[in-house]
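Below, in structure tokens: the form predicted on its own, a single chain.
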């Protein structure tokens, strides 16, 4: 991909398109057209439309998700009103107490869908278990206020993740606290089913003594197929090995070395179900796994197989399971979860004599309940503070150490995006962005997802009414018709720092400040982090050095003595404090750009006076 700049030199270039393609849902937006002498007839702030152009819609891919919410402007401020947290299902007291230390907690259980929608409109966070459906309508009712949904447990099939992402809402869960409890319950069902414990108990309580009827089967030497080798599946396998069982597993994403360490063989789906004496389900409910255990699947199983499910009810076609039980293909089933919870009283599956059932008790131990409550409370509170959540499910995971290292560059990225879009005029509209990262590190050692998201946030928010965060940045970009490409360039700098500089280019648009147009004809600005503070280091072809704090005035001028003093005096007379000033030029006594950081927003008359300086050819005021 071609690139030119007089501000930096490079050794190598890597490029790829990374953000989603534009969408026909783009609409006209308003860009502040900030004052400049050469290109504006009036000194009053005006607006230019047609910021974003409509093009064909494409589908958002799994790669276009992000790792946390918030930015430097979204961080939790203890002086602001406490966030409101709605707890819609029973949560352990330890978790509720933790939440009360952070925000105003509303524990309202058994809400109707309508009541839930009314409540979320006044809530910053929502915590649910498995019984509450957090639908698209719920997110729409929240009108952007809802920042995080916490699922107190592992599965998130009761939360509309796509709608959450579209509305910029982070979804977090508690995947570790109930792992052991769920695995123990799976083993409990396995053993009790094999020995007919539930049926024998009911028989005795009915006044019968039927020893010969309830002869069981031994577990030792039998083959258990663990379908899904995640956290719970791994713990079930570990315990089953202790019972003397031969354990195999099917999971297309499980690492083979972890399975081998436990003495578990990873096999294909068909091999697992066709050779197992017992099948234990530990897979999530997704479009690919919904009713994956159906008539066809059961027909491939060994006759007399026994089935355990402590995962999700929807992975089994319950009618097909009844037919398999009646045909003797499945000898017994032990179920803790169901397609509909609670199941109907007259369900043929529930009433089947060879089925053992429990009311979704997988995580129901005192220890697990407290652990889940604390884990989800910490995740929700952290997300509201703008911290990275390690349990985010609609955003890719980013190592906390990586986030810590990138934090000052995240601030730089957003501010560069804000500056760049304010330098674009109307007409064709902002459509294509190129971002260039210069770094001494190898490509694989630089994770730019956070930086790309914050540049997107900086570009979009000043020109629309959209709220953009790291969860929905790419979705909003697609919606607004914005396409972003990334390039990585290797430079001779210290690999101690992840990024040497970031350059943001807006392609194929006119600029309201000609000095920001590079040799390639595109708007171009570049910045670095110095001593932990973001700096603007290049505007167009002009090198500058100004701290990105407060606001910014850019002046293109004839390079001559006294310019700094003239502009400084004008600002001083109007009580506008200058926090930073830098001048960059291409040729001595020809042209230069003066970059001035100011704490306040100058009045129109102050800007008029700056524009009246004879040597100033154009200027622009930019809000940070």
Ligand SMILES: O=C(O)[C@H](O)COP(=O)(O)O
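Note that this is a predicted model, so its numbers are computed, not measured. Residue numbers count along the first chain shown, from 1.
There is also a form predicted together with this ligand; it is not shown, and the following applies to it.
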Answer key: of 291, 441, 360, 483, within 4.5 Å of this ligand in the predicted complex (heavy atoms) is 360
Checking 343, 155, 92, 498 against this ligand in the predicted complex, the residue with a non-hydrogen atom inside 4.5 angstroms turns out to be 155
At 4.5 Å by heavy atoms, is each residue in 129, 178 and 312 next to this ligand in the predicted complex?
yes
In contact with this ligand in the predicted complex (heavy atoms, 4.5 Å), from 159 to 167, 360 to 368, 108 to 116, 212 to 220, is stretch 360 to 368
